[in-house]
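Here you get one chain, nothing else, as structure tokens; it is the form predicted on its own.
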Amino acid sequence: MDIAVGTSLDRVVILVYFALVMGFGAYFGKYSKNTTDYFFGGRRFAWWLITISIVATGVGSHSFVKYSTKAYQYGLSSTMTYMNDWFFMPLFMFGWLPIIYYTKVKSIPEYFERRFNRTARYLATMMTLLYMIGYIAIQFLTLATALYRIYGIPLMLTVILIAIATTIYMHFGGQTSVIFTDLLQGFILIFAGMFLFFLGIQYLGDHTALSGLKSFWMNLSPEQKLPLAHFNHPPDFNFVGIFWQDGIAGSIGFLFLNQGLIMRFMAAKSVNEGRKAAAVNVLLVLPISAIVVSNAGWIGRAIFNAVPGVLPEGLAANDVFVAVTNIVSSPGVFGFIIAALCAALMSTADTLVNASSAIIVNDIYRPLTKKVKSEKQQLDFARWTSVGVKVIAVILVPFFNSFDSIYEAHGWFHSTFTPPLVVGVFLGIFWKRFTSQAVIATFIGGAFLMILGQFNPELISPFSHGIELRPGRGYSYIGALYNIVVCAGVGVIVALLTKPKSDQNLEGLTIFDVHKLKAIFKGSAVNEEKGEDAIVSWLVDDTEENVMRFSKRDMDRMKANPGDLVYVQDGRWWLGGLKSAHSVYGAPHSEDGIVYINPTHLDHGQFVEGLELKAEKEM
């Protein structure tokens, strides 16, 4: 980049931001008492908290850089790659989400063992870890690409410093730190992204918003105003390729296989709260996010067309976001917006690191450890595992830096590592006939055919839809379609030639048993009778573990019976369920307005003496 980047004030703003986020995240470490808290946040949070934290996770720092690049090159059609989740959302909300929540699956690989067998679990563990650690490496590279120019230090040293910073606040807090830190960062990055758009419009209009909007629109070519890319060209950005890579492989991968996203939904206090979060995300937040991550490229293209020489010819792909931000922002403001880039990186990386640690603990450490370890030992191991994950991610950064751009690196990575898992989990959920032998064949045979396609582009040509083959670089997007077809083809053929499990062995693990899942979760018949919530004072009683005792009148108001499930939380709704606990109704007593809780509930919920609790019957 030929443009001077940042001032001393900007550097101070970025450092202050890092310090605040690390302190904010580390504070919530006190809410992680065991591995359930560390990985799943105690299954306690409200939908709005989950929604904002999903935003922070989904809008990774690579999104700003990646989509700004395509927005600069191709205009408004860049949003197409960010709006491909909606048609899969009902399958997620009413199929996959209740399956993973009610069966208490702790990881994606654990689902593969329950649905298929242990071999499938180990293969899924290896592939999922590769996917997530590679994703973390791309996040580190993206932010380092911006910051090392600002601070004038080597790229790899910047990567290491970023990894250390994220470790400090994640090491003790786990999922609770992730969720509350991402709540803060979600607001920051949405505000910063929209603020950047406003600054760009002002720049184009000589500080007048109305004339700026007119100038912005008039300085985009007709092709750059189109909402969708051309069907099959250019080879590095076209409709059909984007659909198969992002709309199919990417969306299923993100919604069904991203352990970090799954853990976020598992932290919701109920399936209904998770569904609310998913619906608001796809209907409201994703369209806003598409503007947030793309607008720097749109503004940059309008500036390039309107004011020759401000942006250099041949601006490097990875530099678009930082270059445009530097031009339209004043000192300090530039630092704030780059801090939002930090927010995006840290939000995505912390989620994926926490998720990778969960998989290592739940799918490798626990199954292979002969001696039973205490919760404290497992929690300590989980924390140090997160450090190890970051070390491996740092080592992978040079490989991803060898691609022409982060956009190219992420596209290759996404379309290469998700298809076997996408086929395995999707057919596992929606087709009872899909067998253990079939999923193993999908992983091994499908991966072999995928590798052949990497080295022999002529195998992909029949799927190319007329997309041009680039000599020495192959197909950018449509390889995802080839990979899905060969993996699915191998899986379906083997499934039809082998014997499936009985319906009894598949209970609760496919879409066909969704109606049974609440009873499976509870372990008894579900009480669906609607009652009122109760506001009660609390006293500690250690006579029964994991039982809360309400008065007979309060239970009648809630339409609850002994053995039903109850959720209690601090009456302050704005905490989003931070101070809360799940339990079981015990035998009633006669003191109205009083609930007797166990010391375990008090320790988990961190309830404040003298403040009442809100209790609601779950099922």
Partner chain sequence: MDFARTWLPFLYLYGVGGIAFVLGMVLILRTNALRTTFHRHKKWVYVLLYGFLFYAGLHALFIYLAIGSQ
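Here the structure is a predicted model, which is why all the values come from computation and not from measurement. Positions refer to the first chain, counted from 1.
Unshown form predicted together with the partner chain; subsequent notes refer to it.
From the list 90 to 98, 124 to 132, 108 to 116, 451 to 459, the contact stretch for the partner chain in the model of the complex under a 4.5 Å heavy atom rule is 90 to 98. For the options Phe198, Trp217, Phe399, Trp384, the one in contact with the partner chain in the model of the complex, meaning a heavy atom within 4.5 Å, is Trp217. Listed residues Lys104, Lys499, His515, Arg470 were compared with the partner chain in the model of the complex; His515 is the one with a heavy atom within 4.5 Å. Although the partner is absent from the chain shown here, Trp86, Phe239 and Arg275 each have a heavy atom within 4.5 Å of the partner chain in the model of the complex. Looking at Gly314, you'd find every heavy atom of it more than 4.5 angstroms from the partner chain in the model of the complex. The partner chain is not shown here, and in the model of the complex it never comes within 4.5 Å of any heavy atom of Ile360. Using a 4.5 angstroms limit between non-hydrogen atoms, Arg366 is distant from the partner chain in the model of the complex. Remark: Gly309 does not count among the residues lining the partner chain in the model of the complex, judged by a heavy atom distance of 4.5 Å or less. In the model of the complex, Trp217, Pro222, Glu223, Lys225, Leu226, Pro227, Leu228, Ala229, His230, Phe231 are the residues of 214 to 235 with at least one heavy atom within 4.5 Å of the partner chain, listed from first to last.
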